[in-house]
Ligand code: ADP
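A single chain, nothing else alongside it, follows as structure tokens in the form predicted alone.
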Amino acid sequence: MSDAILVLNAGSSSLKFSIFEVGRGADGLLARGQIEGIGTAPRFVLRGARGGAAEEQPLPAGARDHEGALRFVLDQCPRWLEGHRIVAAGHRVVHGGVKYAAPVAVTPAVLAELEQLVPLAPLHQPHNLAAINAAVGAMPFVPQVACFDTAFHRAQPEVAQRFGLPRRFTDEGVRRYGFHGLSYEYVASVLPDIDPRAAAGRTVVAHLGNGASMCAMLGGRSVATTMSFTPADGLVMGTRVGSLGPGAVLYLMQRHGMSASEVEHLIYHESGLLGVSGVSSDMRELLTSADPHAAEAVELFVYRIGRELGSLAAALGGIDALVFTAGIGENAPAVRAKVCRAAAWLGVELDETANDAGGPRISGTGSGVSVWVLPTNEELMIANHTRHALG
């Protein structure tokens, strides 16, 4: 019987999972899937290993909350293990704070420290920790490993992590953390085999999805990133506002009498592509919509990417490569084309045919900056971290 690692990624209304045979990398994927709509109308989608067809299955009534959803996944695991046994579980945890710059085996003391970080990521951290607690209860003898979305950015210079606030707040933990670190780390791990010059040099990675951010990497290490204290900062996203001046928040609270929780809901759930377009948070719908507000939302999305690209290139002192990844980055050639055309001043030259075909290289032969489309794989990164953390 071979060993396998279970990977769990719990969101506010979803639970994603993957199962990997130990030591076989991406080829060891046994099963993956997710439960969506937890708390409302949950549905379970199972995707076969290595790109197999998706299969939707009914869910029992008890799987309507996170604990029930996890219990359902664990109950179904024997169907997918195919002669394997789960020897460890790896978890995506959004926030590791200042202390956790690497994956860590979960202990009661670690869980207690991660609970203290809930105020820094109130919409994500509680669900991440709930999944760990449920997994510990269901599999008490299976080691659990926490892998942090903030950890990759802990390599940034101190000046890149500071706000211009009094030092007492910085010491308390009010600083630029950055997120999507597991995605960036995966891209950094595969880049040497694809573009050695980019891997050793100055690369900007654009993780563009419903949640979107960008990261400047020098020699595969994070130098600067667009998200900061929370995952709501930086680029315009599906429903998140992106960069918003503090004066605007004060105005909303003072002029419109909004409470902190109401502002939080506004900037996380009612803004971004959805708020600007009034149509949808889904880039696919916006690109095909005839509504002029949809076009304005796409224009803003691309404009902010261009602004941040210039900022990140400045942090690097130049740019050798640009990488698109995640849902929009991998699947929206129209968005990639708009970004690349706007970045011509940096030396980017787009190969339109290659871009329409999905890459992987979409820059022209004369481009001063190599441009790539690389699928991310956060789940594999978590599986690898889990294996290494447990020796």
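Note that residue numbering begins at 1 and tracks the sequence as displayed. Keep in mind it's a predicted model, so treat the numbers as computed, not measured.
What comes next is about the form predicted in complex with adenosine-5'-diphosphate, which is not displayed.
Engineer: Answer with yes or no whether Asn331 is in contact with adenosine-5'-diphosphate in the predicted complex, where contact means some heavy atom within 4.5 Å.
Structural biologist: Close contact exists here: in the predicted complex, Asn331 approaches adenosine-5'-diphosphate to within 4.5 Å, heavy atoms only.
Engineer: Would you check, heavy atoms only and a 4.5 Å threshold, whether Gly211 touches adenosine-5'-diphosphate in the predicted complex?
Structural biologist: Taking the distances in the predicted complex, the answer for Gly211 is yes, it comes within 4.5 Å of adenosine-5'-diphosphate.
Engineer: Though only this chain appears here, would Asp320 touch adenosine-5'-diphosphate in the predicted complex if you measure heavy atom gaps against 4.5 Å?
Structural biologist: Contact with adenosine-5'-diphosphate, no.
Engineer: Is Met283 close enough to touch adenosine-5'-diphosphate in the predicted complex, meaning at least one heavy atom pair within 4.5 Å?
Structural biologist: Judged by the heavy-atom cut-off of 4.5 Å, Met283 is in contact with adenosine-5'-diphosphate in the predicted complex.
Engineer: 148-156, 197-205, 284-292, 224-232: which one contacts adenosine-5'-diphosphate in the predicted complex at 4.5 Å, heavy atom to heavy atom?
Structural biologist: Heavy atoms within 4.5 Å of adenosine-5'-diphosphate in the predicted complex occur in 284-292.
Engineer: Looking at Gly28, Gly364, Gly327, Gly68, which is the one with a non-hydrogen atom within 4.5 Å of adenosine-5'-diphosphate in the predicted complex?
Structural biologist: Only one option qualifies, and that one is Gly327.
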